[in-house]
Each structure stands twice: as C-alpha cells, then as structure tokens.
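Below are two forms of the same protein chain, given as structure tokens: structure 1, then structure 2.
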Structure 1
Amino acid sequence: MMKILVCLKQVPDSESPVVIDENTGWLREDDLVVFRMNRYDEYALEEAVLIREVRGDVTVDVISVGPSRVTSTLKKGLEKGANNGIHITLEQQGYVPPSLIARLIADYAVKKGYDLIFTGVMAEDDMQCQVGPLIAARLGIPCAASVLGETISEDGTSVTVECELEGGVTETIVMPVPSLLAIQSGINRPRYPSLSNVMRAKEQVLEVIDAGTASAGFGAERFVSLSYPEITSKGTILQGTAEQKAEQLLNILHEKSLL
C-alpha cells in the first residue's frame, strides 16, 4: 500500500480586502476576508488522486497547519478525493514562518512512513516556495520542484519526474522513494467534488493535533515589517470629445518634453 501526503495551505481570496493589522503587523483577519485552498495545492491533490486511480493501492492524506478556519480547506480536500485529513492546530496570530510550518508537518510525517509527499509549487499569498523543500530537508529525502509529470516504478521504489527549468527547458530525473514533489500548475485539471465525496466529507472526522507552543523560542526567522506599496503619481483622465482629448494629450506631451 502506497501512502501519499498532500500539504494544503489556506490563503485569503485575491478579491478580499488587504488591511495591515496594527497590533500584529500582519494581515488583518475579519468577516470581510474570505479564505480558500491555495490553487497551486489543488494540482498537487489532483495528481495524488490520479495516482490512486491508476495504481489502486494508494491512500491519499491531506494535511494543513493553522487555526480552526483551516478545517474548511481540509474538508474541501476530502471532497476532492482525499481519504483522510490531518489538522495541526496553530492559533498563532500574525506571520508564521515557513520553517515552522515545515517542522510541524515533518514531525508528523516522519512517524507515518509516507512514500510520497506533494506540495503546490508555491503559495499564492506570499509567492514563496519554501515549505516543500524545507520538509524534505528535515526528513532527509530528495525533493523535486516545478514538477510537470511523474511516473512511479512498478515496484514503487522509485519515481521518474519531469521538472520545469528556466527558459522553457525541462529535465528528467529519477529519485528513490520516499521523495517530495512540488507540483507545477497545469500538470492536470483539478476536478470538481463529487456529491458522494461531499456527503462523506461532512461526516468524516479530521485527525487533530495541537501544535501548542511550538513557535515558542523558534528563532529561525524574524518578521521585520509589512507595508503598503508607495503611492506613485496618479494618472490623468482626459475629458471631452476625441478631438479635445487628442489636443489635451498633445499639450501634456509637449509639457513633459516628450514631443
């Protein structure tokens, strides 16, 4: 039986307002902020489910670190086909360093004997791609980033992966199992949840692990500051007919010595 662990991150929806909390220095969370699954992680989960459909003897677990709201993302993972959900509860306010997230997930995974660990290629909110490689480093297993495809050997002892490099170049590497793969977007087409999985997810109980004071004394990183972009010069909207707008534009270009 092959075991795959998929790491999910809950991120604010891009349409939600971005407000910096004066107390924490990080993003404010209120009723106006909508959270959802990181889209890059959807590809990682879909790839794990596709492997299970091909091989059959595969269990897919999803795991996430965060406060109680993370439950909705784990439930969504179950709706999309995962077998089990693991919630590492961390009620820490403000910025949470990726090295801490990686440590918590690695500490759980090392006891479970996963053959493959999948993450999305990056997180939508901070555009970082650190958690996956950090997990691999802590577990002492190989890691491949920007994975465009993978083929698991018949005996399940190795995985051949195709990775995207800069300039449209790809490389193919063979890694032993266990390994960690950071899945690139576009590798597949994430499915919509089926009704049967939605009903199952509603009743299924998540495995809950309390991280407690895991961040106490954790000094690998130090959050410095978060600020809004500097306000640059505003644009000018020209009013009037097409002829009037053209004349106004011509005058502006002359004033700026651009003509």
Structure 2
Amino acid sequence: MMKILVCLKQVPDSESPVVIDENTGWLREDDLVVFRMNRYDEYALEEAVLIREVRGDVTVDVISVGPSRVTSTLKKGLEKGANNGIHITLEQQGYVPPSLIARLIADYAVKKGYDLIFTGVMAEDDMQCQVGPLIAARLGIPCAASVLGETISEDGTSVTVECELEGGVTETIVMPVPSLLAIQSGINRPRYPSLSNVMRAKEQVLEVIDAGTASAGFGAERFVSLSYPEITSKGTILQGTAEQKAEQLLNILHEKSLL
C-alpha cells in the first residue's frame, strides 16, 4: 500500500483586493477577500489522485497549516478525491515563516511513513518556493522541484520524474522512494469535485492537530514591512473613454510605423 501526502495552502484569490491594513501592517482580511486552494497545489492533488486511480492501492492524505478558515480548502481537497484531511491549526496572524510551516508538516509526516509527499511548486500569494524543499530537508529525503510528470516503478521503490528547468528544457531524474515532489502547473487538468465526493466530504471529520505555541521562540527571518511598489513606470497612461484609448493606441502604433 502506498501513502501519499499532499500539502495544500489556502491563498487569497488573485482577483481579491490586496490591501495593506494600516493597523496591523499586514494584509487586510475582510469580506472582500475570497480564499481558495493554491492553484499549484490543485495540480499536486490531482496528480496524487491520478496515481491512486492507476495503482489502486494508494491513500491520499491532504494537510494544511493555518487558522480555521483553511478547513474549507481541506474539504475541497476531499471533494477532489483525497481520502483524509489533516488540519494543523495555527492562528498566528501576519507573516508566518515558511520554515515554520515546513517544520510542522515534517513533524507530522515523520510519524506516518509516507512514500511520496507532494507540494505545489510555489504558493501564488507569497511566492517563496520554500515549503516543499524545506520539508524534504527536514525529513532527510530527496526532493525534485517543478515536476511535469512522474512514473512510479511497479514495485514502488523508485520514481522517475521529469523536472522543468528554464527555457523549455526538462531533466529526467530517477528518485528513490520516499521522496518529495514539488509539482508544476500544467502537469494535468485538475478535476471538478464529483457529487459523491462532495457528499462524503460533508460528513468526513478532519484530523485536527493544534500547533499551539509552535511559533513562540521559533527562530526565523523577521518581518519588517509590507509596501506597495513605487510607480516607477515611465509609461504613458492613455486617458479617456475606451474608444478614445483605442484610437490613441492605433495612432501611436501608426506613428511608430508598426501599422
């Protein structure tokens, strides 16, 4: 039996307003901010579910660290086919160091003997690309990042992965099991939840683990500030109605002999 752990992060939707709260110095979380699953993690979860569909004897667990709102993302994970959901509750506001998240997940995973751990290649919000490789380092297992495909050997002792480098180049790597794979977008087409899984997810109880005071005394880089980027553009802002902007643009392109 093969056990796969998929790490899910809940992130604000990219269409939600990104506003710095003057009181906390961190991002504002109000009714206008819609939270959902990190898209890269959706690909990671789908890949795990596809492996189960092919091999049969596989369980897929999803895990997320965060405040109570992340239960909706874990439920979504169950709806999309995960077998079990684990919520590590961490109420900490503001900047949460990726190394802390990685430690909490690694501390959980080390007891469970997972064969494969999947993460997304990065989180859409803070774009750190840290949690996956840090979990691997903490567990002392190898890691492959930006994975665009994987084949598990029949006996389940090795996995051959395609990793994306830059400029359209991919690298093939033969990894031992257990390993951690950080999954890149485009590897598959994440499915929509099936009705039966939606029903099951409603009933299913998440395993809840309290991270408690894990963050107290945790040594990590210190949050200094959030700020909006200076508008450094030397660009010309076209003004007026949409029609006027279209006309201006066409004239500019014409003057530049592009049209």
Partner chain sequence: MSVLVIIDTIENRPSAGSFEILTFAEKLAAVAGLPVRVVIAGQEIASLAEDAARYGFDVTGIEHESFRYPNPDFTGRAVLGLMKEYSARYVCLPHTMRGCQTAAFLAASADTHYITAVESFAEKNDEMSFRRALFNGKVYLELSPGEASVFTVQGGSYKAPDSRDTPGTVEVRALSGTPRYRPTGVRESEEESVRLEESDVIISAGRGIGSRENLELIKTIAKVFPNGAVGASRTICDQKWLPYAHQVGITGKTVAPKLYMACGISGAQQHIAGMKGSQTIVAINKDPRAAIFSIADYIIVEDLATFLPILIEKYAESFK
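Note that the structure is predicted; figures quoted are calculated from it, not measured. By convention here, residues take numbers in order along the sequence of structure 1, the first being 1. If you superpose the two forms and keep the largest set of C-alpha atoms that fall within 1.5 Å, you have the rigid core.
**Q** Which structure would you label as the form predicted together with its partner chain, 1 or 2?
**A** Comparing the pair, one sees that structure 2 is the form predicted together with its partner chain and the remaining one is not.
**Q** When the rigid core is overlaid, by how much has the CA of Asn23 moved between the two structures, in Å to one decimal?
**A** Once the two forms are fitted on their core, the shift reads 3.5 Å.
**Q** Once both forms share the same rigid core frame, by what distance in Å has the CA of Gln239 shifted between the two structures?
**A** Residue shift at the C-alpha: 7.4 Å.
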